[in-house]
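Below sits a lone chain in structure tokens, taken as the form predicted alone.
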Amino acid sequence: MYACKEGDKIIMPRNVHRSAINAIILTGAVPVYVNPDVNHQLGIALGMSVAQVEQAIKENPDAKAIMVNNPTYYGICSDLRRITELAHAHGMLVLVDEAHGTHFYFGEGFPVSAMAAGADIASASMHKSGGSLTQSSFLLMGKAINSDYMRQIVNLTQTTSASYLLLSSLDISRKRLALSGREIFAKTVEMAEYAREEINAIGGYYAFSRELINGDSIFDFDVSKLSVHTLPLGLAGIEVYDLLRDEYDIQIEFGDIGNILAYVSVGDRKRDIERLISAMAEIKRRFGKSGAGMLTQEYINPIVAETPRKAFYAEKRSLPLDEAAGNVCTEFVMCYPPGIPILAPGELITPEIIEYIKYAKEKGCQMTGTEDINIERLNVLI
């Protein structure tokens, strides 16, 4: 809302959190999506390549801003410094979703933080890796930002009844990390690396890390993220997630079609990591099977037919899921977490997307975003 008014363009990766597209609907800004490269072995979307951003700028020199994930949910980072330089050279602001990158500011050996890269605005979710209470986050601003105008913008969307519990938790956790963050996150990384090594030794799982770096769409990797590919075991990520919770009383961050993410944090102990490793070894022994017939693709490039705002507010009709192909969706469909839309308002519904939705439902993914909570019907443009 600070960077874009109605009709203004913003360049952004399509694998953004739903909140970014919600903001597009509220502001009336026009997204210029950069479809990220995909790692076909893991089925996950990567970062934006510099060449993709350059092309988007060339084709949309009137864009007001560029948005970047730093990192993605899986720990993958784009070349944020270079993208920032490109944006500023063309008079565009750089907005960074740093929900999963708070620790970049307090630890050592992590990918570059948004502010260190010269970005203009970053949202840093202190409650994820920083230890504050859920819903508490920081909005970080560079020198080019008018903080007084930003305060007016924030006041349009926030409650006037602030939670001092949340505010104090931000203060306490920030102080702790400012004083002891290096030691805390060195321990976190040590536990994550140990878990990664042990999980890979089990066989069948693939806990991926910095070996994926290619200098562009995977410019860097957050080694504190314990992302694990599960499909070789014949188990979807959401199935391993459910087994860990239901059979072993272990709650991890999320599971999707092909991967799980265990968030190793300031609150974890070595014995928690050992429990996780042991449980995953047992899951392989008890539940592992052939991987034949498993869907592998987490990310499907969308076909954008209308802006999110126009589609969301347009006249619509409801169709059974199986009859919706060929129509333009007017609502979100997503697995949450991670909250990256499978479909967003204004995108074409294809047979491939319908197959994906049905498969995700069958595997037990928590599906949200639609008016029909069972996702048996979709709202489409008339």
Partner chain sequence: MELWFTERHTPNVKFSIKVDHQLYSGNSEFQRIDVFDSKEFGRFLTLDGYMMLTEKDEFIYHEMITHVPMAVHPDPKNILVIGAGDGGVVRELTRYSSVENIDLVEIDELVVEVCKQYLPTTACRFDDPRVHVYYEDGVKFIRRCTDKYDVIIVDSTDPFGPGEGLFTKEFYGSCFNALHEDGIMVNQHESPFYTEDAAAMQRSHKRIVQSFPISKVYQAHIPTYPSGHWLFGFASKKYHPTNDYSGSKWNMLGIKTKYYNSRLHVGSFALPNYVEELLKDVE
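Positions refer to the first chain, counted from 1. The structure displayed is predicted, hence computed values, not measured ones.
One more form of this protein should be noted, the form predicted in complex with the partner chain, which is absent from this view; the next part is about it.
Heavy atoms of Lys143 never reach within 4.5 Å of the partner chain in the predicted complex, leaving it off the interface. Residue contact check for Ile184: none of its heavy atoms lie within 4.5 Å of the partner chain in the predicted complex. Contact check for Arg151: no non-hydrogen atom falls within 4.5 Å of the partner chain in the predicted complex. Contact annotation for Glu247: at least one heavy atom lies within 4.5 Å of the partner chain in the predicted complex. Shown without its partner, this chain lists Arg81, Arg210, Lys289, Arg269 as candidates; in the predicted complex, only Arg269 has a non-hydrogen atom within 4.5 angstroms of the partner chain. For the candidate set Tyr194, Phe138, Tyr299, Phe106, a heavy atom within 4.5 Å of the partner chain in the predicted complex is found for exactly one residue, namely Tyr194. Residues placing heavy atoms within 4.5 Å of the partner chain in the predicted complex fall in a single listed stretch, namely 273 to 281, out of 216 to 224, 94 to 102, 273 to 281, 112 to 120. Residues of 218 to 242 that come within 4.5 Å of the partner chain in the predicted complex, judged by any heavy atom, do not exist; none qualify.
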